[in-house]
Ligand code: GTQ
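One chain follows as structure tokens, the form predicted alone.
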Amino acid sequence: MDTKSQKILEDSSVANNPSRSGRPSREEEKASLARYDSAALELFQADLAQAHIRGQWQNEVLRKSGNAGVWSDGSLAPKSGGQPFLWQWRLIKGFLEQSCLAVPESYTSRRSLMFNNPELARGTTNTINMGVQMIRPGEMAWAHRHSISALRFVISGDPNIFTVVDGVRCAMETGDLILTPQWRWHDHYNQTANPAIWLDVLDGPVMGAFNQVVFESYGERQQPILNYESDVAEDGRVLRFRFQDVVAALAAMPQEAVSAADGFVYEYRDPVTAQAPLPTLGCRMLRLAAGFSGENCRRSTSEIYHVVRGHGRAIIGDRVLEWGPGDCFALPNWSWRSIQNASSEEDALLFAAHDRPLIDMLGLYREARG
């Protein structure tokens, strides 16, 4: 520590302890604080930094800069992670087609276009990666496994397009949801004359934050298929949710089941355990009735959306995202938002994935209406 910093600390010690027998007066505290001019404080903090130490008071800039809000109970709230953003299907589809020319053989990696939020170094939200993947007619994506959990929502599928998860063959028909839980072998096949396209949703940012990203190639192009008939893993976990079942469940919901913020909601849950599909990721299908305008709300979870059908808008803070079939958009945590169906005649259908299972596990879920 240099002489100037040392002298200030010594003066402060005397001022704060005038008698060594009692608490300094308010006037003495003010006098002591006055000795800490900004230049001296910067010198002291530079000394700390050289020793790889940081004063907690340096975090107080969050309160002063407006990067933190306040909950209704007076406690601090987080800054939204990333910004609302929409990726249009017309652009996604064109890039997917180009990717088949640029990457003619994907080998153990994937021909998947991942959506990066403009305000984040990586990730679609601070906890979720979203992208769209294509495999060509007759192609397969080689077998591998990883610590990252993933789910696939099928955009363009067929009974002869399928994923194998630890030996279980799961058909990928349009609108189906396929799970590939962490550390499960999985490979993808397209045995049709048309491209296979699906939405990839992964918990990569979470695993990256924990420094737990692990990947392993199977060592051969494909794993053996042990079960052709069931969509259930050996441990009883359901791996495939059929679109037709989800649509039927939504259609059967009574009017009193409608959510003021989200319309009719089908929450994907394992039929045996009633748990979310994955420990870090949950999924919902939203049916917005014709003319639906959702109540303004915000939640401590982040979400991603894929438009299955319909047209509408998402009003997120001061931004308006106009969406249509195939579009995808990101909804950061703790952002005021309202989702609306632009049609007065037809329902809209949106698939959504969120991080609530993780947020619930940490005891951090909150929401507000307004």
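All values reported here derive from a predicted model rather than from experimental measurement. From 1 onward, residues are counted along the sequence shown.
Beyond the structure shown, there is the form predicted together with this ligand, which is absent from this document and is the topic of what follows.
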Given that this ligand is left out here, which of Arg240, Arg284, His144, Arg299 has a heavy atom within 4.5 Å of it in the predicted bound form? His144
So which of Ala248, Val258, Met114, Cys100 reaches within 4.5 angstroms of this ligand in the predicted bound form, heavy atom to heavy atom? Met114
Stretch in contact, per heavy atom within 4.5 angstroms of this ligand in the predicted bound form, of 78 to 86, 199 to 207, 273 to 281, 153 to 161: 199 to 207
Heavy atom of Gln182 within 4.5 Å of this ligand in the predicted bound form: no
My question is simply whether Arg169 lines the interface with this ligand in the predicted bound form - judged by any non-hydrogen atom within 4.5 Å. no
Residue-level contact is defined here as any heavy atom of the residue lying within 4.5 Å of this ligand in the predicted bound form; does Arg110 satisfy this criterion? yes
Exercise: Gln133 in contact with this ligand in the predicted bound form, heavy atom 4.5 Å: yes
Give, in sequence order, every residue of 164 to 199 that has a heavy atom within 4.5 Å of this ligand in the predicted bound form, or say none if there are no such residues. His186, His188
